Structure formats: C-alpha cells, structure tokens
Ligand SMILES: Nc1ncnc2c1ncn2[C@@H]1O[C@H](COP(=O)(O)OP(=O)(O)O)[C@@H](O)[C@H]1O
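Below you will find one chain, with nothing else, as structure tokens; this is the form predicted alone, and questions on how it binds or moves follow later.
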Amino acid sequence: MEKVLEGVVNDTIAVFKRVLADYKAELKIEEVGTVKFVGQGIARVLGLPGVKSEEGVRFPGNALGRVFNLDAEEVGIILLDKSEHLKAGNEVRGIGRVLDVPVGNALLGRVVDPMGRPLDGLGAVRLSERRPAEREAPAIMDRAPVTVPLQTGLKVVDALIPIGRGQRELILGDRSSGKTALALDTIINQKDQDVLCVYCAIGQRSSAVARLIADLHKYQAMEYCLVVVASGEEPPGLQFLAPYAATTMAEYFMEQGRDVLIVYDDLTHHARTYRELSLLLRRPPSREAFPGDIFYIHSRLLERSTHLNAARGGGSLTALPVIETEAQDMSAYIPTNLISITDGQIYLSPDLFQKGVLPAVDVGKSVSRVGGKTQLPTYRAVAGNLRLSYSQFEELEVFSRFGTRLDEATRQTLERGRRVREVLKQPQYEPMTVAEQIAVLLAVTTGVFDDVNIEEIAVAQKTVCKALTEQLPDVCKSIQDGKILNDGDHDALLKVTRDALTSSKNQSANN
C-alpha cells in the first residue's frame, strides 16, 4: 500500500514539474471599478475608463450587468441578476466583450432565461457557440422577397389577413382580448410545417407563462419550440434584454436555412421597462416620459426579421410582436410606433370578444401589407372578395338596426354575412388545414350554408371537413401543394359539401 501511495505521489510531482517547466508568468492589466450607487435594477460605477457600450460586467457573486450609460464621471449599468447582495464599494470588472448569449440546436425544447440559463429543471444547456445579443440587421442586398405563406390554421387570418414567412405582423388589442391565444394557435399549427418557433415572454406573470408552456407540451409543440422567459419578477435589465437575446437565438436557425417564427409577448412591457431604466439612469425623458430613442429600440429589433436570399441560405425569421392597447386606442404612442415599423397588424376587438366572436379579429382595422403576395392561389380564388363583402355586411348590419322593413336582397345579404361571421369563428387549439379552410370558405361564399341554421354552422363545418378528407384526398393534397383548383375540382368540392350536408340532415330527421 505504501509503495502504491509513493508511486502516486511521484507521478503527481512529475506532472507538476512538467507544467511548471512550460509556464511563463505574464503581466495582465485588468480594470476594476467601484460601485458608487445601487438602485432598483441599476448601478452607477466609478472607474472602468476603457469599458465599452453594451459590454458585459461582473459584480461580486458572479452577478452580471450590462453597460448602458457612458458618462464623463461614471458608468451606468443595468443589472441582469438579483441585486440584494450588492452595495456601494463593491468591485466591478468588465468581461472584455459585448454581452452575448449561447446559441445552438440544444436549445430546442427548452425553457431558458435571456442568458441561456435553464428554467425547466432539465439540467444545463450544453452549447459551445455564443453570439452578441445586439446584432446588426441583414443588409438589403442579403434579403429576398417574402413569397411563402406562414399558415396560422385560423380561417380569419389565413383567408383575410395572410402572413408570409419573413414578415413582421403586429398583434394588438386591449387586455384579455385573445392576443396570446392567437399567437399560441399559430405556434401549434407549425407542427409538421418545418417551422421552428421561439416564444419570448417579457414581463408576464409566471403562472401565465407556465400555463402556456403546459399547453405547448400538451399539443406536442415543445419539440420544435424554444421558450425564453423574463417574467415580471426578474430585474428590468433582464426583461429589456429578453427580445434581443431571443432574436439572436432564432437567427442561429435562420442562418442555417431554416424557417423560424418568433413571438414577442409583449413589447408594451418592454417599452415600459426601457422607460424605467432610462429614468433611473437619468436619461432625458420625452413624450409620455419615454426616452427619445424609444422608436429605435423596437425598429432595430424588428428589422432583424426577414427572408434571406439563397446566397445566405434562404432561411426566414417571421416576427409576431404583441402589444397591449388601452381603451381600444390604436393611436397611442407605442402602438403607432410599432404599426409604422411592422408590415401589417391584426387588431383584436374587445367588443367582438364580449359578443363571443373568437378569435376577436376586427377585419376592418386589420391589414397585411405583404402576405397577400404569398397567399396560396386557392384562397384568392375562393375568398378573394370575402374581405370587402364582409366589411360591407358589418356596415349594413349596423344600418339595418334602424329600419324595420328590408328588401329581399338586403335580407339575403345579411343572412349570408351572419353565416360568414359564424364560419370565421374558431375554437382555440383547433387549427384547420388549408384544404379544410378552403372547403368551408367555398361552402359559405357559394351559398351552400344558406339553408343551415346559424346554431348548426359549427356542426356543418365538421361534417364538410370530414367528408372532404375521406372522399377527396387528392384534391386536399393539390390544395396543400399550392395548385390552383380547376373546374372539375371546384365542382367536386361543392358536390361533396352538398351531399355531406344533405346526408347529415337526413340522419337528423330520421333520429
């Protein structure tokens, strides 16, 4: 035993001698700052003359911060970790690089904070590559036109307000009007669509985020999802960093040629967080106490969403930023900023929500400035005039309340419009395929549903969809592939629809 121990000691000494023989002492200059003041989410530091804007810094206890202000006498830093243990006099050291975040395939299926630290209890995320959280948007010559649709599975969106891969479509509405539900349904519908999804929660309640993650697991969506969470309990600096970090993680997949969808939920909290940090660090306030560059912080974020050209891999990053309005005021400061940055908006009306029209999309106030060019040709053939006719129906319905006598044509228009509105309703977690949407929209626009009672429209839709998938699988595949319906397919769809409804009526009568 003693000989064994002696051999181990001799081997250890030999290793030390080899290491020391190759070791050369080097002088290393390191800047060290001193904390002057610690506030709620910020710190002011003396020293660090060589530190750069947006550089990461490290406090005692391995707490991270990010350089925000470079003043003549001090450095303003936003804190990315809890600050209860920090105090004046603590040492601060720069990490020597702009704040970066981990990226890689291992992030898929995980729940992490903006710094890539796991929050799902599944162990460390093993990644070897890191990229800056703030990156330049792709150059104009590196971009390609938006040509491929991003199917949401929602009839009212895919038919009337289509979204393309690489587009930035704003979702806005009052509190509890279904904004997150619409984004969640879109994520669930990307299953088997070869689209990766990133959900970024900014300032949300932890319980709400936990429910959303549970829904993603329930519908097998976490396999192709990454969830980045900076809840309302986290430091404001981490909430401010969250959308930029999530975009960097999403860009990694885009630059590999993949199609990616990113949801920012929501940028209203992000703007308020930025206002809080700016006021704490004594930046001059402007309109509504927001700093003067409030437009720039969102424009530089959303400009990173695009469709890359073939030379850059052909990947795309589609953004669905969410914002909250107050008292249906779309002309407020932050909403107008984001409407001007994005390529369209989906407005969710609390009035429609209270009437049970779900999703509560106000077609008249919603628009897509790009998606119409990407929409499958079958949609244009079937529902090309649906948006206009539906808007006219809504106006006519308002005026009809003031009159008691209506002519037959007006009465038929109102009845058709009410059925269109019923068809556009859709329960949450029930996205529809393109073929199912086309069949239902064709049925309602051609008058097949005119004889169906309003209360029975939902059942009639299911009957039509079931008959379509069972009897016309080739037509379904043709629609899904983006081919234009010929006259034979059009007639076959109508025949299957009518026969299915007639058979259903007969069964109901016999029962």
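This structure is a prediction, so every number in the text was calculated from the model and none was measured. In this text, residue numbers run from 1 along the sequence as written.
One more form of this protein, predicted together with this ligand, exists but is not displayed; see below.
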request  = May I ask you to choose, among Gly123, Pro145, Pro427, Pro284, the residue with a heavy atom within 4.5 Å of this ligand in the predicted complex?
outcome  = Pro427
ask   = Among Gln151, Gln345, Thr374, Thr180, which has any heavy atom within 4.5 Å of this ligand in the predicted complex?
value = Thr180
ask   = Which one, 432-440, 328-336, 419-427, 406-414, holds residues whose non-hydrogen atoms are within 4.5 Å of this ligand in the predicted complex?
value = 419-427
message = Taking this ligand as it sits in the predicted complex, is Arg97 near enough to touch it, meaning that at least one heavy atom pair lies within 4.5 angstroms?
response = no
ask   = Given that the partner is absent here, does Asp81 sit within 4.5 Å of this ligand in the predicted complex, heavy atoms only?
value = no
message = Considering non-hydrogen atoms and a 4.5 Å limit, does this ligand approach Tyr219 in the predicted complex?
response = no
query = Taking 4.5 angstroms as the cut-off for heavy atoms, does Pro321 touch this ligand in the predicted complex?
reply = no
query = Can you tell me which residues in 67-100 come within 4.5 angstroms of this ligand in the predicted complex, by heavy atoms?
reply = none
